[in-house]
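Take a look at this single chain, the form predicted on its own, given in structure tokens.
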């Protein structure tokens, strides 16, 4: 077979001439169209070690893919080696200790399904086909973040393969510098082949509430929504949105609302407060299972769509920022979601995630299918986000649609970036893992 197979690799090695190659090189964002020299479909930690060793000895550029949701598709490298972790997807839950052991290639839906059998969960994003690895290593936000912290705050230990092929157990006591860096520093330091998560009893129910308003009322409504934020229970994640909805004839509307994880009747008590804001033209309140909540955006965020996104963190939400959020002419949809809560309980500098003091996160994204629209769609999204930039305190690495040092300075504080660089220099001095938002050694 190949040198890779002969030296301990037991997975499948796929080359450009092999059946299934095009499907395996594709990622979530259809704008990305790169052709690796080979794809190593790993089935074990030993496979990852063997693939890394081969890639380095062959002088190949190396990328590592979990769920493939990186907006820039950075792991997929032309003429290089793509290490595919999809085969490392086992999820094991111990309800007694409230722990889950999750393979580095598992998807969020698998983790949620396994944990919900016992009414348990940990913070995870709201698209079930997102990879656990990329979400967690970037920090990890979700509907439980205000109640139980970021996804990375709930990791007890990582199993990690270093650039040298060493397999490490990384936790607060073993390699604490690396443990700090993995909580928000992305895939810069090695390949995580297993995560050990702490789980929480959250039940199996949820409630989603949205109130819709004509744009003429939107300024006053969003200011009223903002004023409610300080007193919002941690079990709720307040949101404000602007966009065009088919159910309202495709016209541009604003909405405010929240997601509540837990007893829907308790959530309805908060709804009474929201109902006193403005004159909504419609109200949608849905009781659903936690699993259905976690899959709520699966179709919207489906694969094979061309995509671009921008995001900002805002420590405050002044009137001028609300005006920029609602500015006429911005036809791209956007969202504000409240942070703080348990996210801010972790002291600054205690992990590589640098923006725990953000009041809200702004995100705007575009999806399309026609390649001739690429330039227009991207520029429109950038222009919208630029209107909020004067109020921004930073951005989230998992929504970062640009690469380079200037982008990283918006993701990490100066002390955190300096410390991350030191850890990178120690564990990956030759920058093997640079097909990510790269922290250069």
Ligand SMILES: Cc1cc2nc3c(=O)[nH]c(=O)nc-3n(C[C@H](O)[C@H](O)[C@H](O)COP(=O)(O)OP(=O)(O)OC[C@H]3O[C@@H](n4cnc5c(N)ncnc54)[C@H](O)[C@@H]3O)c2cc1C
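None of these values were measured; they are calculated from a predicted model. Residue numbers count along the first chain shown, from 1.
Although not depicted, the form predicted in complex with the named molecule is the subject of the following passage.
- Using a 4.5 Å heavy atom cutoff, none of 314, 380 and 387 lies near the named molecule in the predicted complex.
- In the predicted complex, the named molecule sits beyond 4.5 Å of every heavy atom of residue 391.
- The named molecule in the predicted complex comes within 4.5 Å of no heavy atom belonging to residue 237.
- When the named molecule is considered in the predicted complex, residue 54 lies well away from it, no heavy atom lying within 4.5 Å.
- Though the partner is left out of this view, residue 210 does not reach within 4.5 Å of the named molecule in the predicted complex, counting heavy atoms only.
- This chain is displayed alone, yet in the predicted complex one of 149, 187, 267, 257 has a heavy atom within 4.5 Å of the named molecule; that residue is 187.
- 127 is the sole member of 199, 338, 221, 127 with a non-hydrogen atom lying within 4.5 angstroms of the named molecule in the predicted complex.
- Heavy atoms within 4.5 Å of the named molecule in the predicted complex are found in exactly one of 368 to 376, 30 to 38, 66 to 74, 405 to 413, that being 66 to 74.
- With contact defined as any non-hydrogen atom lying within 4.5 angstroms of the named molecule in the predicted complex, 85 is the only contacting residue in 85 to 99.
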